[in-house]
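What follows is one chain in structure tokens, specifically the form predicted alone.
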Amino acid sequence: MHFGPHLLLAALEGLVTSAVLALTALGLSLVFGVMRVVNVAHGEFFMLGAVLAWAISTAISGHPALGFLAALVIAPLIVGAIALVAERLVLRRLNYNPEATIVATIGMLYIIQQLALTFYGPEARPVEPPFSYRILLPWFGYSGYKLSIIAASALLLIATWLVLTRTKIGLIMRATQYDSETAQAFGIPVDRVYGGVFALGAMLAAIAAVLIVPISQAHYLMGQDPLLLSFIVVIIGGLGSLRGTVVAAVLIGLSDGIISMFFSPTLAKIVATLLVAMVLVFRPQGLFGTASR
């Protein structure tokens, strides 16, 4: 292939990465934006989603699409329930103290990781995609499932934006984000909002994992890279900004896909780190974040 088709292939792979990264980073951004909690265990909720997707799809016989659709519904609900329990038993008891919650979520990271190693094992296990249709382009064939990941992520991002901006639930979340004490004075159950947001963030990470695991593999250590890249996206895009999260995810995903294909994956990570450093120096609040007063 000539340079043009190679570039198109790299861009498509980058968009797939961007789609998954946008969902994962959005969950992290929501948790910090509303709760002011840095959830270091966010990547492990991603990993749990993938592991549960493997378990559910394996348990359901028949066409692979049946197991995948069941995993897409059940796995995020289970992960959300686990996150809700963790929020009530750990974070709420710490009164959401920023320093204490960082230490607590680091502990949650290792607990979830070791539980997955104990009950799931160290093996990387594949999940069969729901369909294997390939779209034939003039230069190469491309996986239809990968394109469906981009479409599904776009729909979920639009749905999240509609919930945040057009519903009463979104209004309550934004009010809690701006001033939790005033929101509580007006009768908003802030603790319940925090629990719901923490569960929602974990569910978005789990959905991203279920979508990506048919083209990768479920492994108990797979949460590390999504966590790092999500932090990079949130820092570049701006905390609590949906638009910033999407723009930064596309930027990081495309640069990772193109640089990895033409140069090396290591260089792609270096470029992402340099972007973070530049944003922190010249625009600490992120590209679309609001500067603190």
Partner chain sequence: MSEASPAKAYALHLGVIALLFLLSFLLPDYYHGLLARIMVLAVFAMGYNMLFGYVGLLSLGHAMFFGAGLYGAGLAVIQLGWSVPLAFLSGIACGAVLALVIGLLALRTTGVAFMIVTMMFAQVFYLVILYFSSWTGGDQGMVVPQPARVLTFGATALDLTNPTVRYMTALALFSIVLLITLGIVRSRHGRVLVAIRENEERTKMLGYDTFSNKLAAVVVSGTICAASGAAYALLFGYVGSSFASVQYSILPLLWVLLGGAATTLGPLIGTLFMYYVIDLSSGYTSAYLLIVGIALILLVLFFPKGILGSIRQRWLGWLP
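Residue numbers count along the first chain shown, from 1. Predicted model only: the values in this text are computed from it and were never measured.
Keep in mind that the form predicted in complex with the partner chain is missing from the display, and what follows is about it.
Contact annotation: Ser264 falls within 4.5 Å of the partner chain in the predicted bound form, judged by heavy atom distances. In the predicted bound form, Tyr110 approaches the partner chain with a heavy atom inside 4.5 Å. Although the partner is absent from this view, Gly170 stays clear of the partner chain in the predicted bound form, with no non-hydrogen atom inside 4.5 angstroms. Of the heavy atoms in Leu115, some are within 4.5 Å of the partner chain in the predicted bound form. The stretch that touches the partner chain in the predicted bound form, counting heavy atoms within 4.5 Å, is 90 to 98, out of 162 to 170, 90 to 98, 134 to 142, 77 to 85. For the three residues Val103, Leu228 and Met278, a heavy atom within 4.5 Å of the partner chain turns up in the predicted bound form in every case. Contact annotation: of the candidates Leu242, Leu254, Ile56, Ile232, the single residue with a non-hydrogen atom within 4.5 angstroms of the partner chain in the predicted bound form is Ile232.
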